[in-house]
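In the block that follows, a single chain appears as structure tokens, in the form predicted alone.
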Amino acid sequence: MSNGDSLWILLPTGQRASGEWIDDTLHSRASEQGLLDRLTQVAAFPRQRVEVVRGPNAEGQVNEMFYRRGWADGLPIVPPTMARVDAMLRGGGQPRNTVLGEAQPLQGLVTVEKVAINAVMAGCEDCHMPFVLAAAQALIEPEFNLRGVQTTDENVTPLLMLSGPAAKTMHMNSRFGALGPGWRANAAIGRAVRLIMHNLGGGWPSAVAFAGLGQPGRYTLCLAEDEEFNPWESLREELGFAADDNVLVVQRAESVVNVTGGLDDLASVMASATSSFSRLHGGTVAVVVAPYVAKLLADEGRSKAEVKAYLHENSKMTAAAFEKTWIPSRLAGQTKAPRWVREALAAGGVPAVEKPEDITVIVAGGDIPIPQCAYMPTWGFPSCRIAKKIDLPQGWSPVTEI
């Protein structure tokens, strides 16, 4: 609701089931870490659902206020007015008070309304809401290990991959620049997920989240599988869904490594220390295959399963090289390698992952004769590839042209 120079906004931050606000814990953490010179208004907000902001520059006030309270990611946000949030809720088709679960580590309740508020702030269109809800539900699944993702000193982030016809309908990019910038769906849906982690789980940098360097993917890491240039079965069909389903697949990714070349180049990168954490914890990694490379492989008669098997077999690191890497050399005695790693090393070399099925392969990127692929190593445990079928609500409509 807006009345003249007044904005009626909904608060994005989380409350626990007990009613406590996570900001009180965050104020203590921010104070301990010396962050209050920047976050000057942490925990200083009316303890209620709605707040009224008045003045000639109300939207600017909201941006500054949310930043100082710790509710933003450093970029400007869209003020979550009651009207905008109501529209987002209509796009999602679920009751606003539905509780999906708790966001770790500070256990803020993930309600449909709170998801909508953070989606508005991220710049989402109303039609994006079902996908943001699916991502939020994936985050709170035990196997995603949100507590670990939020608190580790590694640079891990959620990787969102949409497989299905809705991607094209709502302009989610799978072609040139699929990992950004330039496409609202890719940018805003991934950003909404980060704000949910931030505002409901309390994953504030330097206060709760201690990723040593961070990475651009911690703003957003979201893309679509290309439908036209994929010569194999789609990711959704591979995972047991129907061809006309829309499925959001969520994994953990530590980085995005550009690989210009074919299977041997990808395997070489996978064989390196970039795969240290999948060798330590296990897990599922992702390989983005350029349309040009995918066509060459398909023309050679290689199936997706054969591509995975080749990458697995040729991503082996020798025992001598493995022992020189940071984890076994510095953490020896503290962390024991999994049995499959020890057995592989005894046999001559350890692959990037335990088995070929632990490699997610999707086709995306520019449709030109350039072999620009990517490898996304993983971090953490347990193994994680969460697939959420998205049932679009009645009346769902994509972005409309102006």
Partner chain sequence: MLRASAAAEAAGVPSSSLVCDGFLGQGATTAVGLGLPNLPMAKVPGHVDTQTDNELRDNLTSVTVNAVIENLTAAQPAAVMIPEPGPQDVVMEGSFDEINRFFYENGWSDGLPIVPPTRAKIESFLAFTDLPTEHVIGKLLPDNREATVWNVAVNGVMAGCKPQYMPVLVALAEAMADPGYGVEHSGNTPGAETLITINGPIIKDLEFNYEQGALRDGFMANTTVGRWWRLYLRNVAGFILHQNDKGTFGNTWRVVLAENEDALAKIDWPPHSADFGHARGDNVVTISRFTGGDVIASVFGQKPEDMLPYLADALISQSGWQLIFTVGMADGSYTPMLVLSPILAETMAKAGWSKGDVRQWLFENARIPAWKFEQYIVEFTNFYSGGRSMFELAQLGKANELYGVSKDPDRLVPLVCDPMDIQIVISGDPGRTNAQVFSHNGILGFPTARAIRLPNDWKNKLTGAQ
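Positions refer to the first chain, counted from 1. The structure presented is a predicted model; accordingly, all values stated were derived computationally and were not measured.
Another form exists, predicted together with the partner chain; not displayed. Remarks below refer to it.
Heavy atoms of Lys355 never reach within 4.5 Å of the partner chain in the model of the complex, leaving it off the interface. Within this chain, Leu133 is remote from the site of the partner chain in the model of the complex, having no heavy atom within 4.5 Å. The partner chain in the model of the complex comes within 4.5 Å of no heavy atom belonging to Ile368. When contacts are judged by a 4.5 Å heavy atom cut-off, Val52 counts as touching the partner chain in the model of the complex. Proximity to the partner chain in the model of the complex, defined as a heavy atom within 4.5 Å, holds among Gly282, Gly217, Pro105, Pro328 only for Pro105. Think of it this way: in the model of the complex, the partner chain has a heavy atom of just one of Lys316, Lys295, Lys304, Arg147 within 4.5 Å, and the residue is Arg147.
Each of Ser18, Asp24 and Glu32 is positioned with at least one heavy atom within 4.5 Å of the partner chain in the model of the complex. Here the chain stands alone, but in the model of the complex its contact with the partner chain, taken as any heavy atom within 4.5 Å, falls in 52-60 among 65-73, 343-351, 52-60, 359-367. Using a 4.5 Å cut-off on any heavy atom, none of the residues of 293-317 reaches the partner chain in the model of the complex.
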